[in-house]
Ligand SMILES: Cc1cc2nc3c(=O)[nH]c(=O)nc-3n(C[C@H](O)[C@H](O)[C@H](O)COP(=O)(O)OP(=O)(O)OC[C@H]3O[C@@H](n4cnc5c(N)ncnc54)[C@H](O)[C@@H]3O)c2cc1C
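Take a look at this one chain, the form predicted alone, written out in structure tokens.
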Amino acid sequence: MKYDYDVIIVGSGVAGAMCAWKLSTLGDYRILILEAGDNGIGQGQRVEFHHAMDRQGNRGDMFAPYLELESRKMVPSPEKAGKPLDAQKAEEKYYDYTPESQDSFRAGYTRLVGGSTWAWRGNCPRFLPSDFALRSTYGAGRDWPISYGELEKSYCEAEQELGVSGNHDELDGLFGAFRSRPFPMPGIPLTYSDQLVKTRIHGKTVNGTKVRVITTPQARNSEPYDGRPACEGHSNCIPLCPIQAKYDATVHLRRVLVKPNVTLRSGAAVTRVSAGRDGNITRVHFRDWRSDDKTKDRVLTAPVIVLAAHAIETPKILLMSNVANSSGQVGRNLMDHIQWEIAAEFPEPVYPFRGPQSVTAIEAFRDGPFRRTRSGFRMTIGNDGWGRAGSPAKIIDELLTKDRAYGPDLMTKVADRVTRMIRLSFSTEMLPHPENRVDLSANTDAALGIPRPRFTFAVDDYATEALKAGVETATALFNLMGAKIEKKDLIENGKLNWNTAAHIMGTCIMGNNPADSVVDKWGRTHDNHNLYIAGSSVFATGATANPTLTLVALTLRTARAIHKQLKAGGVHAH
């Protein structure tokens, strides 16, 4: 059979871009990348995004740079997702909920060429060995079908490709997570704030645990790397790095699109995949929203299809296609990193907002026997004031309305308080629960008539108990620093306060057993030997590390598996 392409990849975020690039280095394959969004990937587009961000009322909103794109209307994103359930039902125009939902799903994402890496913070810690064996180690959650040791070399390759800065000696052997290679470049230098914090708490013991303040591995250049400049410290990582010192997927898109056999088709919203005459999933149906007939399905073919459209859009496509779901697990086991932060005033000026939004972290609370009953947590030391807990504008407003401060008195008090803003945030692990899921809503988006995602979601006790432990630990750490905590209770009016880390995971989880998982250890669906899934949707558990480095390491493995299959089958479109 003659195919249009050798491989069709749905999604141009970090998983799709990395998969396309890796395949292009392994063989002379004809590759098509389909992307629902539509935007440029060059410096001119970055400048336009920067100007659009500056025109928005809330410059720190992760969607602010991208709100003027036409694609926002045609393929909407969840722009109001970070709200409680009742508020989100009233305001969010993309997420829907079943009556069984107890909580809103608060993680958002951007549908762009380059995906959400335009707006991510860039933190790239690895999972721990126990994160891949949670069930066998602690009797909670699930085990992955791969181990840390199997993934370690791919971790090194992922760090090289993303350009991760970090300090090898600080992290080598963390809870057994050995490193076989150093980072591509040294870690981001500590800010003045980080130095002061480290002086007061490094080496101290809190709740029986020795605290170490270490530099967070980040896909952010500490020196010129891969043709991109070193970080200039704009403290604007979310929602946009103005100079691309922080990695985003356009790096690999630009690299791969210079090859004549690789094509990107943007403005193409995939509606389903289907089988060809041989029974294999070889057909991709999509709608071109820039055409005159926006709701007409177009079809292209390839012997291998890769869905890399993130952990919400990917299961949507599978459910619309009615494929790869003999286990009934497509869309299930939806996870996020449930997060909270404590804000405080340091006893002396720390001068935040100079450098990235965070540079250092505390890894010591990520693992231990407590994981039998509650999650660990990973702590970030903020360099962005109070982060989401409150901006400098909040302090100015309080001084104006409560203190009635004006003129020189206002300026003095602002200078005193804003320079001492600091925060500690902590991300916890949800367990993979089949009842936490995304499926198809009866409502469709206005432009293309594609079903919106519908959620059944509740924050579990495993994460909730970890949030409580995080509050206790952050409070103890601030007491050691002599900092004055800005009070905001975790439980308020009987309800749990929490934020999202916007780390969307699960929904197409990997496993050895086709009866309770969607893909195998290589990302290939159990039901269809030529349909692969790349990205964080394949995560069996969420751990407490940011997911991007792990999903890239897995994607590199998946690309090698696809290459092996294509080479063995000798199937090409040309």
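What you see is a predicted model, and the numbers here were worked out from it, not measured in a lab. The first residue of the shown sequence is 1; numbering continues from there.
Another form, the form predicted in complex with the named molecule, is not on view; read the next lines as being about it.
Note on the interface: of 461-469, 179-187, 263-271, 432-440, the segment with non-hydrogen atoms within 4.5 angstroms of the named molecule in the model of the complex is 263-271. The shortest heavy atom separation between residue 308 and the named molecule in the model of the complex is within 4.5 Å.
Interface membership of residue 126, defined by any non-hydrogen atom within 4.5 Å of the named molecule in the model of the complex, is ruled out. In the model of the complex, the named molecule lies farther than 4.5 Å from every heavy atom of residue 144. The shortest heavy atom separation between residue 366 and the named molecule in the model of the complex exceeds 4.5 Å.
With the partner removed from view, the residue among 385, 163, 303, 108 that has a non-hydrogen atom within 4.5 Å of the named molecule in the model of the complex turns out to be 108. For the options 381, 481, 502, 211, the one in contact with the named molecule in the model of the complex, meaning a heavy atom within 4.5 Å, is 502. The partner is not shown here, but in the model of the complex the stretch 48-74 reaches within 4.5 angstroms of the named molecule through a heavy atom at 62, 63.
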